[in-house]
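The chain below stands alone, shown as C-alpha cells; this is the form predicted on its own.
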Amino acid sequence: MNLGRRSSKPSQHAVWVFLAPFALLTLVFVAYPLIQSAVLAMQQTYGPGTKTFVGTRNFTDAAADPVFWTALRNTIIYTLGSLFIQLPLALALALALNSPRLRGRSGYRLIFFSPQLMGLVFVSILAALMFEKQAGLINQSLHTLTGGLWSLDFPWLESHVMATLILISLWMYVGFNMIYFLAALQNVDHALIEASAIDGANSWHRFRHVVLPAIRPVGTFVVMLSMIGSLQLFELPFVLLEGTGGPRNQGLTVVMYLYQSGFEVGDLGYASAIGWVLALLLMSLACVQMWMIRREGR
C-alpha cells in the first residue's frame, strides 16, 4: 500500500510540470490581456497616456453611434453572403469533385484551393486592379461576354463595395470550405447509398436522407467557422479601400471601426468596448455551436 502511494506522487508532480508552461502562457497572453481590455473598455483615453474612468459609457456610446451600426450591418451582410452563397457553392463543388466519373479531380482540387495559398494582402491588391473601371479585368470580361452591353464604367468599388467583397471572398474561400465538405463526403458509407439506390431512392433522396445527415457535423463546424471568420473581417476591405470604409462607409466592418477608433482617433477605451461587443457576439455563436454539436451527438 505504501509503495503504491509513493509511486503516485511523482506522477502528480509531473502533471503540474507539464501543465505549467501552458498555464503560464495562458495567464500572460490570454487572461491578463482580457482583464486589461475589460478595464480599458470602461475608460476614455486620449492615446495610451491619458485615461479617464467612464464606467459603461463607451458601451452606451456605441449603442447610439450610427457609424458603429453601419459597420455592424455591413459585417452581418458580408456574413450572410458567406453563409448563403459561399457554403452552398463549396458543397456543390465538393459533390462534383467527389464523383468517381470525373477525370482529373486532383487538378480541379488544386485549382479551386490555390487562391487560399495567396495572402489576403496580395489578394486585396490584385482585386483592386481587377475591379477597376475601364481597364479592370472584371469589367473588360463582362463587356466582351455581353457583346458591349456591360458598361466598362460599372462602379464596383464606388457603389457596390459589399457585393465586391463577397465576390472576392467567394474566390478566396470556396476552395477552402470545399476541402472540408470533400473530406466529409469521402467518409460517407457507400453501402448505405447503394442500399437506398436499390430501394428506389433517386439522387435527391439519397443526398437528402443519406449524405446530408452523414456530413451534418462537418457542415455545422464549417458554418460556425465561416461565421466567426466573417465577423472578424479586416484585412481585405482595409487594403482594398486603402484604410477607409469606402464611399459612405459601404465597406466599413466592425473590426475596421475598432482599428480606426483605437489607432487613428486614439480612443483605446472605445475601441476596447467595440472589441468586447464583438467578443460577446462570437462567444454567443460558440455557445450555439456547442449546443448544436451536443444535439447532433444525442
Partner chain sequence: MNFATLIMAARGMPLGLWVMVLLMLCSVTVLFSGQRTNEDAVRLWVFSPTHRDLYNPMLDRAGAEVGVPLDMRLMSILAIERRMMSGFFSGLPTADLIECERAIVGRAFVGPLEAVGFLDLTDRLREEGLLDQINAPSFGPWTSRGRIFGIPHDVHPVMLAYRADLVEQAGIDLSDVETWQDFFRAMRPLMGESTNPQRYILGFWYTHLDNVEVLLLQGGDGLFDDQDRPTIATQSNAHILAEIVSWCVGPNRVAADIEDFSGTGHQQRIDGYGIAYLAPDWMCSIWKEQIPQIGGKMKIMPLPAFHPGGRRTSVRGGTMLGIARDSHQIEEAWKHAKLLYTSPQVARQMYQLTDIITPVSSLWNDPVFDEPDPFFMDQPKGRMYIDQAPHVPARSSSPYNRQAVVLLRDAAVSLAEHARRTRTYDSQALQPEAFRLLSDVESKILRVMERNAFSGAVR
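The model shown is predicted, which means the values in this text are computed figures rather than measured ones. Residue numbers count along the first chain shown, from 1.
Just so you know, the form predicted together with its partner chain exists too; it's not on screen, but the next bit is about it.
With the partner removed from view, the residue among Ala63, Ala38, Val30, Val265 that has a non-hydrogen atom within 4.5 Å of its partner chain in the predicted bound form turns out to be Val265.
Its partner chain in the predicted bound form comes within 4.5 Å of no heavy atom belonging to Thr26. Using a 4.5 angstroms threshold between heavy atoms, Ile76 stays clear of its partner chain in the predicted bound form. Although the partner is absent here, His205 lies well away from its partner chain in the predicted bound form, with no heavy atom inside 4.5 Å. At the 4.5 Å threshold, heavy atoms of Asp189 stay clear of its partner chain in the predicted bound form, well away from it. Checking 219 to 227, 195 to 203, 128 to 136, 93 to 101 against its partner chain in the predicted bound form, the stretch whose residues place heavy atoms within 4.5 Å of it is 128 to 136.
Using a 4.5 Å cut-off on any heavy atom, the residues of 239 to 276 that reach its partner chain in the predicted bound form are, in sequence order, Glu242, Thr244, Gly246, Pro247, Arg248, Asn249, Tyr259, Gly262, Phe263, Glu264, Val265, Gly266, Asp267, Tyr270.
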